[in-house]
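Okay, so here's just one chain, in structure tokens, the form predicted alone.
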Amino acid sequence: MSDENSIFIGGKPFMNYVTGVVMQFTTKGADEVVVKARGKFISRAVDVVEVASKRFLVGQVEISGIQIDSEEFKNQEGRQVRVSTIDIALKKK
């Protein structure tokens, strides 16, 4: 899976991400799209997948896998911080 078919969730408006997922399947003809998020954006990633699959792409895509993990890195103060991550894979039916 390349980053080309990945949507990274952040602070942009919610519908921007939904549109991105829909465009990957419709315009670019992707067979699989992975929605990725970290920390406080995980709930937004779940919402994006639900809206894209149950409103815009009804009957066309399904969740093929969900992967959860955590990453450890140094924050701005230099402390080790662990943050949760999620990857939700959608594929064409």
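Numbers for residues come from their place in the sequence shown, where the first is 1. Computed from a prediction, not measured in an experiment: that's the story for all the values here.
Form predicted in complex with another copy of the chain: not shown, discussed below.
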message: Does another copy of the chain, in the predicted complex, lie within 4.5 angstroms of each residue among S43, I66 and S84, using heavy atoms as the measure?
response: yes
message: Test of understanding: in the predicted complex, would G39 fall inside 4.5 Å of another copy of the chain by heavy atoms?
response: yes
message: So in the predicted complex, is another copy of the chain close enough to E50 to count as touching (4.5 Å, heavy atoms)?
response: yes
message: Under a 4.5 Å heavy atom criterion, is I88 part of the interface with another copy of the chain in the predicted complex?
response: yes
Contact label in the predicted complex: N75 to another copy of the chain, heavy atom within 4.5 Å: no
